[in-house]
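Okay, so here's just one chain, in structure tokens, the form predicted alone.
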């Protein structure tokens, strides 16, 4: 039987601490050369929605240690509104009942059969958070007690969970351009994590005196700047453009997630001009010498050391996620779901065939 899981099921099955442990273990398989990652592909085309484009995104990976392979697929209506003078990338919930479309297909590497199908949403944000959590595990001060979050959206909560999972933080300050959003975020996460989470009126106010700063926005421009950098601080991001290159270059230690600079993009000939909405990732990549930067695998393997002094400024750039992460995390979620009787079973014959493909 093939298991159908919901986002709520996924959240019941895996905690942030689980994701951190699973991804650290999975990365060791990549270090040994046994896991496979395929570069993400974005196929972009016009859509009838005004001011938007259509995107079909896919990424996959094979995790033999976990006995699984996964394909992540997103079918998106993408807009680029301007908020506070900065372009942002925003997916519109255009599917029926105002919903988004993202699926993970989990396969067995022993039989080839589809083991599970589930939405990508909650696992997607948790594996992003856990990846930055691993960065913090190796690059943040051991005695870090104050964190700052720039952003108050879906991804920001996962960043805060990840920081709390690897360090004993006690205080958090949050800034986002919307006062209502940042205040709501602080109320929610103060209660969820039993932490002192307070709003800040500016980004500079939020990061002042923080040992860990997590940028977690939809901005296509910079949200953290060199003048804010302080000794002992770890600054992390979920996309290259969030941190000003001068801040990256001034840091004592800089690591990236991997060397996938950007997704492979396929575009129709009549796609609207993308130049003004492409963001600053390309410029940032050149400015920081992206191709020569060490990766998270260098940290986990011990090939390179992480923080060795409380005074060091460190930087972790989570530039690109992988389908491989869904194969590893999906495997653990699937096995726990079977043990606990979660999800809905459908006949596997519905997803297989008796005709040679």
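Residue numbers count along the first chain shown, from 1. Remember, predicted model here, so these are calculated numbers, not experimental data.
Another form exists, predicted together with another copy of the chain; not displayed. Remarks below refer to it.
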item	value
Candidate spot 75, 96 and 103, all three touching another copy of the chain in the predicted complex (heavy atom, 4.5 Å)	yes
Another copy of the chain contact at residue 17 in the predicted complex, heavy atom, 4.5 Å	no
Touches another copy of the chain in the predicted complex: residue 69 (any heavy atom, 4.5 Å)	yes
Another copy of the chain contact in the predicted complex: residue 154, any heavy atom under 4.5 Å	yes
Residue contact check: residue 342 to another copy of the chain in the predicted complex, 4.5 Å heavy atom	no
One residue of 209, 81, 85, 112 in contact with another copy of the chain, assessed in the predicted complex (non-hydrogen atom, 4.5 angstroms)	112
Contact stretch among 50 to 58, 285 to 293, 298 to 306, 311 to 319 - heavy atom within 4.5 Å of another copy of the chain in the predicted complex	50 to 58
In the predicted complex, residues of 1 to 34 near another copy of the chain [heavy atom within 4.5 Å]	4, 7, 33, 34
